[in-house]
Structure formats: structure tokens, C-alpha cells
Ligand SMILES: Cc1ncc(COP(=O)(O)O)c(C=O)c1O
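Heads up, the chain below is alone and in the form predicted alone; it's given as C-alpha cells.
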């Protein structure tokens, strides 16, 4: 049996040292008599926005943020949206929900993310209105800067799917800041977890205003046709305490990875020198008997029956595993020498 402090034993990323503070914040919510659209949601948005130097809008789910961004971009029936096949089904389903035609992109074998060459090919062939770039496993797509430039020049609205990328950075830049919007997930397994929840970040203030209306039925004037994607104040309190821990969590996971895992797994995915991974997953290019599965074991183009040739996506699905690595602050994890 694994000891309770073993980083390979599953744990939600909540730090037990924050329990009393979280309970105090929940008491504030109860006392305020405002359990939605209140001060803690704004505080969570301010923390996340300050980290990215963007505006930020909290949602009840990743899907709410994605639908807001796609709707703002004008995506509707018959429009083409590019999407990596190596992703969770939530990404293409958001576009399909709006009636768009999804064109799947192949990934690279080094970073598991869609490549610049695939974006260039698909933009020239399909003239898409919007595109997703999915950051897989905790690191950023290695070609994110070049991909964002190509999309901007072609007039393609680029949404970064940042569901895995909490705490990642590249040359000081943060996920969601190269494209037109970035969408985070705070689902139960994520690095920052609120059980359910999401966050849209963008430097476009008109998109921020649109998203804030979209999550709340278009209030106050109903010019935006949104629905209920609000985040509760109790959920936002979890986000606040964990967002304040994010740098510590990422440093802890990286220290454990360098000390305990890197010497064992020569086939690990390695990020560029200027990049920091949040290590949502520790990915190795081997099939392991003991792992947390794969990201992902079935490409979306196969799940949705698209008959396209995406050899790298198929190869990646069969040739990688994820070594268990969970944040456990009671386990000492000194920085590598």
C-alpha cells in the first residue's frame, strides 16, 4: 500500500492548510446573503486576470467559456472551426453545438499539440472562421507563438484551450494570451480544482464584456443571447485559495519530477528551455503497466467517425502513458541542485 504522502497516490490538488481559510470564506458567503455574482467571483477573476495581464470572466464550466468565445467570433452553422484531434471531446463538441463544421488537425509527436504546418495547410484549404489550439498535459504547444501569428494574419479567431495548462509559461507569457481568448477548466482533477468551473481570459475588452453577459442570460439588456453559466460564490472561494497557491503547486510538482521521475524515465516528454510546464500530466513515450492512462487514448476524429489520415494523432494515442504525479505538500520536495 502506498503511504499517504506518496505523490503517485491520487489526490485532488487542494492544500489542507487552506481548509480553515476556505471555511472562513464560505462563512463570508453565507453571511453576505449573495451566493452568486458576488465579491468572491470578482476576486477570483481579478487573481486570474492579474496573472495573465488580461481580463477574466469566471464560468460554471469550460464549455460556457468556449461557447461564449465561439459565439463572439460569429461561429454558426456551416462555418469551419479547426480543432486538434488529440484532445478531449469537449473541444470539438463546443463547435458542433453551434452547428459548425469541425476540421481536425494532426499533432506533433514531440508536444502532442497541433503543429504550425497543420494550421497553415488547413487555413489555406478550409478558410476557417475560428480555431482551437489545445495545450496538452500541462505545457504549452511548442509552436504557439507562430500559430497565433498565422491565425492573426489570416483573420482566424484563435481560442487556446488551456484546460491542462494551469501555471505553464513560455518566456514569461501565460496560456491564453497568444490567441484571441483562452479557456481554462477547473474540473475536479485539474491543477487548480473547484470541482466544476471555468475561466475565460482575453485582452479584448469587448470579448470580456460579451462573455460576462453571455454567462448570465445576456443581462442587463439581453442583447447577448447567452444562458446560465454562472459560477457560485462557494465555488469561487475554492478558486481564490487555490489560485493563490498555483506557483507553489507548480514548483512542487516540478521539483518532484526532476528529483524522482526524470532519472527513471528517459523517454519523458521534454519542454523547451524557455518553457515551464504546470505538469498536469507527466508524459512518457512508453506504455506503462502503472499509469494514469493517456491523453488521449482515442483521437476525436475516430470517436466522431471522421475518415481523415492523422498519423501522428494515432501514433501518440498508442505510444505514451502518464506517470502518476499528484500535489502533496506534506511530502518534502526540495528544488533540484
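Residue numbers count along the first chain shown, from 1. Computed from a predicted model, the values in this text were never measured in an experiment.
One more form of this protein exists, namely the form predicted in complex with the named molecule; it is left out here, but the text below deals with it.
Peer 1: Within 4.5 Å, heavy atoms only: does residue 296 come near the named molecule in the model of the complex?
Peer 2: Output for residue 296 is yes: heavy atoms within 4.5 Å of the named molecule.
Peer 1: Contact between residue 163 and the named molecule in the model of the complex at 4.5 Å, heavy atoms?
Peer 2: So residue 163 counts as contacting the named molecule.
Peer 1: Residue-level question: is residue 91 within 4.5 Å of the named molecule in the model of the complex, judged on heavy atoms?
Peer 2: Yes.
Peer 1: Does any part of residue 215 reach within 4.5 Å of the named molecule in the model of the complex? Heavy atoms only, please.
Peer 2: No, residue 215 is distant from the partner.
Peer 1: If the cut-off is 4.5 angstroms on heavy atoms, which of these, 207, 82, 168, 134, is the one near the named molecule in the model of the complex?
Peer 2: Of 207, 82, 168, 134, the residue with a heavy atom within 4.5 Å of the named molecule in the model of the complex is 134.
Peer 1: Ok, 176, 128, 197, 138: which has a heavy atom sitting within 4.5 Å of the named molecule in the model of the complex?
Peer 2: Looking at the other structure, the residue within range turns out to be 197.
Peer 1: Would you point out which of 267 to 275, 22 to 30, 46 to 54, 59 to 67 contains residues with a non-hydrogen atom within 4.5 Å of the named molecule in the model of the complex?
Peer 2: Of the options given, it is 59 to 67.
Peer 1: Taking the named molecule in the model of the complex, which residues of 177 to 191 have any heavy atom within 4.5 Å of it?
Peer 2: Sequence-ordered list: 185, 187, 190.
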